[in-house]
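There is one chain below, alone, in structure tokens, taken in the form predicted on its own.
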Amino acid sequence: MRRKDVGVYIHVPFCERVCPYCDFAVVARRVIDPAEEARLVTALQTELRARAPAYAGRSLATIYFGGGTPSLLRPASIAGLIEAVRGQWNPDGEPLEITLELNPSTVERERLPAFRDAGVDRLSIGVQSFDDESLHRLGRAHRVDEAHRTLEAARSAGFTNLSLDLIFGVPSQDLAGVRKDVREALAYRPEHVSAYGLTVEEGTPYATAVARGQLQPADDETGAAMMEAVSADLGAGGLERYEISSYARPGYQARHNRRYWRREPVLGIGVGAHSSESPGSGTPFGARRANERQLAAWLARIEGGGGAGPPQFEALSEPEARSEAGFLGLRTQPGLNRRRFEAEFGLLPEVCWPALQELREAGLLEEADGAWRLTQRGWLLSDTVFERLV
């Protein structure tokens, strides 16, 4: 039975610099004008009040501030948004997980104690690499010394739940460089690490540079070797892989991120934010909503009284819901539970997708403990597996 709770995602679009590989809904702001910040926070609270009734009767499990760079907001703004969210739902009985994404910078570092006082108990820090050349190629605004100072400051501020983001497969990066990044990350004993292979997204400056031959990202074989090294080294450092890109110490899996993989309700507010809704009478297989990706358009709708109705709404069909259940389940270490899938859709996964047997014979999947799971080789070739479920 699904839990009757909700997670809330709050998108803050401001970034000191827009990275060339980024395709998120962001706008560059080296300094945020106080009036613009106040306007954004007011609009976020307006959208929250308008859309919270759709999730009435639930308890609150998680709050996640993403972006963009939400830590560019003043701690008082973050505190006000947390208070507004908590005012809509009672907690679910577990300690409330409140995550704030943060980039290494002097301004954000100085605000850490105040963010802690505001109620944030988990930081997701965008380190990406401990090599200045890699940071330069990624277009990051910080350098390695700032990452070290920020991680030290986070511990000094009392944060006991740190997640570090790392990117591998950066142009000109080699395997030794990737393993060095992991070693330096582990030196801070993070509770969680998210390690992503660099993806070239259409429409980004990176994609243009690759098309022109100006950049050469890691090839598939090199990327797979890097992923294997990351997994092995993080595992040796005490972090268990529980999702394709996610590693955690026992008890520190990201509760908010797990909501997406388990297809649990998330209310997303802000520019470009996505929401997911549970199956109901009007949408028997669930639904998705998405906000505008342009700040001006989102503000115009919210301030014009349209806070309850995002422009993009999609009721999932049964085949779409089945596909989501399949690839999201297989992304995780527990895998795709056969009986749970059958209870929801009326047939077992292997009946829905005969290709699962072929993928098992190819060594990409295994069936154990009542679930289909990726093998070690399957983690490396997961895209091949997921393509068979769409």
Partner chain sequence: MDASKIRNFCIIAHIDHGKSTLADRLLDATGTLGAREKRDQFLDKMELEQERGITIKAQTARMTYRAKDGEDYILNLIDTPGHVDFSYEVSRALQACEGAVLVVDASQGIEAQTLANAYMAIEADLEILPIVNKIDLPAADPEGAAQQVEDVIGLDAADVLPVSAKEGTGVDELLERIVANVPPPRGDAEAPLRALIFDAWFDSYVGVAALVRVVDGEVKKGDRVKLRAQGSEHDVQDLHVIDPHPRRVKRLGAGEVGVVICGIKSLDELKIGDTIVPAAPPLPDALPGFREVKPMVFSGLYPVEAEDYHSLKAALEKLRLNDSSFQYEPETSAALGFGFRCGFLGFLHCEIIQERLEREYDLDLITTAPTVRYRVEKKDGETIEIETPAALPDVMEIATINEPTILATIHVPQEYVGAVIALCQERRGNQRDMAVHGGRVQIRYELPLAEVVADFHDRIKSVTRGFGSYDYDLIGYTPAALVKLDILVNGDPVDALSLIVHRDKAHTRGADLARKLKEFIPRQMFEVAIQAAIGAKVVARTTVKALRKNVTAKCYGGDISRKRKLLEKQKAGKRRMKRVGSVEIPQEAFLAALKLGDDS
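Residue numbers count along the first chain shown, from 1. No experiment lies behind these values; they were computed from the predicted model shown.
What comes next is about the form predicted together with the partner chain, which does not appear here.
- A single residue from the set Ala362, Ala50, Ile32, Leu60 has any heavy atom within 4.5 angstroms of the partner chain in the predicted bound form; that residue is Ala362.
- For the options Ser245, Gln253, Ser77, Ser105, the one in contact with the partner chain in the predicted bound form, meaning a heavy atom within 4.5 Å, is Ser245.
- In short, of 193-201, 109-117, 207-215, 77-85 it is 193-201 that has heavy atoms within 4.5 Å of the partner chain in the predicted bound form.
- The closest non-hydrogen atom of Leu73 lies beyond 4.5 Å of the partner chain in the predicted bound form.
- Among heavy atoms of Phe345, none comes within 4.5 Å of the partner chain in the predicted bound form.
- Interface membership of Leu299, defined by any non-hydrogen atom within 4.5 Å of the partner chain in the predicted bound form, is ruled out.
- The partner chain in the predicted bound form comes within 4.5 Å of no heavy atom belonging to Leu175.
- Residues are counted as partner-facing when one of their heavy atoms sits within 4.5 Å of the partner chain in the predicted bound form; in 325-345 these are Phe327, Leu328, Arg331, in sequence order.
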